[in-house]
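In the block that follows, a single chain appears as structure tokens, in the form predicted on its own.
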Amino acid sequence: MQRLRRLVRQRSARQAENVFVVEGAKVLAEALRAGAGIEAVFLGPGGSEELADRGLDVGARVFWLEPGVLERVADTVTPQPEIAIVRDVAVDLSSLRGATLLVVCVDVRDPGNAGTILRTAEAAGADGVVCCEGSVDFFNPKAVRASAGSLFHVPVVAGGDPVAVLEEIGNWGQRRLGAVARSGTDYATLDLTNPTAFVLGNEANGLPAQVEPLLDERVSIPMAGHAESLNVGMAAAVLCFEAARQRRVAAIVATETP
């Protein structure tokens, strides 16, 4: 239990052991469905016996805990009765070569936003998400919960200097579009059917100056009213689903063209 507590609370412990923690029946079920490496499953009162059995089937150790134990370990006030230790699922950047839609996070700090970006990327059919150095740990328990299991279905690159990452994907032929609150090209006017990488910055400060020379274009989402900007997770959804819409329309047109 001391090890589990460390893994929940310390990024350095997760990185040292190449594992992370998932909480809740839904996320654990998605991990099992994706074939992720489940090392151990911990269940409190009311925990899913089905998930316990499925954990045993894949070789995980299963521990039933007494009332009050999970509350001393989890990072939520009222934890769900299922927690598991899962082996790292991050991929190398090189594995995304050939992708047609990527999301690159530069200095995104909120784990809830990280989870939303992962869910959006999966739902929109993105080929991967890159979490550059300086961003929140996408394997933080809160980010994992917020991803609702998408973490196991969309490739995630953890780390990499933002400049080096953008240089490499630019060499692949990806068009690197930096999301900015104002003064960018209206996203709806762009052709997003070609290989594209949306580059998202910090919630408060936007994209750092060091990545500006690596952007092929700056894009904005026009807004009415007095809002300064959209939440970065929401902005990711708008941009990714516009790319998905354009590609869906292009595919329909292609099938209807004699």
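Fair warning: this is a prediction, and the values are worked out from it, not measured in the lab. The first residue of the shown sequence is 1; numbering continues from there.
In what follows, reference is made to the form predicted together with a further copy of the same chain, a form of this protein that is not presented.
In summary, among the residues 62, 230, 69, 58, the only one with a non-hydrogen atom within 4.5 Å of a further copy of the same chain in the model of the complex is 230.
Residue-level contacts in the model of the complex: of 175, 109, 142, 153, one residue has a heavy atom within 4.5 Å of a further copy of the same chain, and it is 153. Although a further copy of the same chain is omitted here, in the model of the complex all of 223, 234 and 245 have a heavy atom within 4.5 Å of it. With a further copy of the same chain omitted here, the record of contacts in the model of the complex names 117-125 of 95-103, 117-125, 162-170, 131-139, defined by a heavy atom within 4.5 Å. Remark: residue 19 does not count among the residues lining a further copy of the same chain in the model of the complex, judged by a heavy atom distance of 4.5 Å or less.
Although the partner is absent here, residue 39 sits far enough away that none of its heavy atoms falls within 4.5 Å of a further copy of the same chain in the model of the complex. Of the heavy atoms in residue 216, none are within 4.5 Å of a further copy of the same chain in the model of the complex. Using a 4.5 Å cutoff between non-hydrogen atoms, residue 26 counts as a contact of a further copy of the same chain in the model of the complex. Heavy atoms closer than or equal to 4.5 Å to a further copy of the same chain in the model of the complex belong, across 26-42, to the residues 26, 30, 33, ordered by sequence position.
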